[in-house]
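Single chain ahead, written as structure tokens, the form predicted alone.
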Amino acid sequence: MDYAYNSTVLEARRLLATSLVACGFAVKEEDVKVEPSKTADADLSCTVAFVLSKKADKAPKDIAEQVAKKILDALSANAQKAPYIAKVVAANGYVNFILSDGFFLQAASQAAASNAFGSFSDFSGKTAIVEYSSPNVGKPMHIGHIRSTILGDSVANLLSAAGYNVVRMNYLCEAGAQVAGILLAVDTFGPERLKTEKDVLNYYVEITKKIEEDPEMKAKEQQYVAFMENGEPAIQKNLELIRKLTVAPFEVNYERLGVNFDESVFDSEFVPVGKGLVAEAEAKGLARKDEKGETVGLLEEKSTLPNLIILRSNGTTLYSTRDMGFAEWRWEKYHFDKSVIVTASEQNTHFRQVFKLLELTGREWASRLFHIGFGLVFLEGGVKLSSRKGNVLLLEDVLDDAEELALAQIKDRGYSSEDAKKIAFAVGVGSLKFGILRVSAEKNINFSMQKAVSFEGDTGAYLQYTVVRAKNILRKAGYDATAPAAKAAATVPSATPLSKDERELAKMIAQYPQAVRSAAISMAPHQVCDYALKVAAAFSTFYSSSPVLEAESEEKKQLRLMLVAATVSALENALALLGIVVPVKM
């Protein structure tokens, strides 16, 4: 869809580029950036004068004034060239654009008209794989898993909005020391106590203590890794029990979070492919055995990265081996344009090493591999989560607490128990998601459930309530927000003047397509969170100053109803990208 905002930004870029060339500056249109202005007295802004200043040995202020005058001359000669640009001014080196009220009316009507407002098709026909969540078999999902799960899900939503055919993939990890330790624990303690995934976790904690205290137990753990990879029947039987106890609860958590996968795979499936790649790397002189007998990828000779162990001395695989095999398998099956892995930033170097080694072996598609690393999740007080120590806040318990806290905040609002439960579910889970997604991926989170589910402040619950309140206004007016908004917009004359608050709200709504585009390209859901909060703040100001149902004229009433409908569209679509559902009432 040709959104008013996008087309106007492109027109501003063309005008700037043409005028710069006319002023004697050698620039390309794609190098000219036009962005939302950070000041209240302009709508769009460009900093190109600062970029050109050093090359031209001229003050940015003088360049901006020269270019602004040239643009104004072009607009005077052809007023229809950029009908939505009302004024162009130079201000302290910036070239600023002030847009017309007609632009904001057009942008708002587009928002109100579209069920998929903000989606674009730049990457239509391309395939993106997003691999996320990836819990370890043998361990319950804890609060640390929620970050990978909902961050990856939101990244997948953004790439889908950008036009990609997205494959959502869950890579379940079992072919390593952690599951080997649990299998050793089953043989050591017996399977009788294993009834739930929490029992499996307790076994893991117990066996870890024994392994740390007894070197012979550590050696046995390594033997069990080999047993798994060799498919020992007795080991496979116990592995199936561990899978049964731990994987089924994963699905319960995913259902509560509203997360779905197109494909789930176990890392053990990629042991043979990974070993084949190790052999290839050795044959090409890219890997060799060290003095300990471990096979090492020789990255230091070819890059600035440290060497990477890709096979143990006993011939068993590591994460690196299986990650290489998994990448090869993804390429062979999907021939992707982009493949994204969402894991903790502690693995940043690991994935750079894996990607580089794949590149060195001749995999041209290695440049299409991406890793989004995210910071750690700490409990209140700064305690790092640790499955080994048993210091785990289980995801199941977190979701229960979120719903209970949300329920406590609405218990006196007169809802039936059934309605209250539905609202608490939507608000609890939604607020939890927003509280985590709002933090940019690379930052750590000191987790507080009380803050995450608060109805006060910049929270998911606040955004959900804003949508519900806006829908109530439309409902009272008998305004059908689902009908084509072109019909509603037609009742608002294009020359209708906008108040300051009406204009500011329309301005924020108009920026939505660009906000989605930027977040999708950057794979950064926190940008959508920030944007949604700005829309909600603008709507709150508008709602306080601009009566809708009691507007001073029918013309104003229709205009404001359209703005309310546009707000609903922008916020609901933004929340959907974050995986957050808006309840019918709050």
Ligand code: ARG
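When you see a residue number, it is the position in the sequence shown, counting from 1. If you're wondering where the values come from, they're calculated on a predicted model, not measured in any experiment.
Keep in mind the form predicted in complex with this ligand is missing from the figure; the text below concerns it.
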Residue stretch of 299-307, 119-127, 319-327, 191-199 approaching this ligand in the model of the complex, non-hydrogen atom distance within 4.5 Å: 319-327
Though this ligand is not shown, can you say which of Pro135, Gly435, Gly274, Gly181 has a heavy atom within 4.5 Å of it in the model of the complex? Pro135
If we test each of Trp331, Tyr479, Tyr415, Phe351 for a heavy atom within 4.5 Å of this ligand in the model of the complex, the one that passes is Phe351
For Tyr171, is any heavy atom within 4.5 Å of this ligand in the model of the complex, or not? yes
Any of the heavy atoms of Arg147 lying within 4.5 Å of this ligand in the model of the complex? no
Give a yes/no on whether Thr343 approaches this ligand to within 4.5 Å in the model of the complex, heavy atoms considered. yes
Please determine whether Gln347 contacts this ligand in the model of the complex, using a 4.5 Å cut-off between heavy atoms. yes
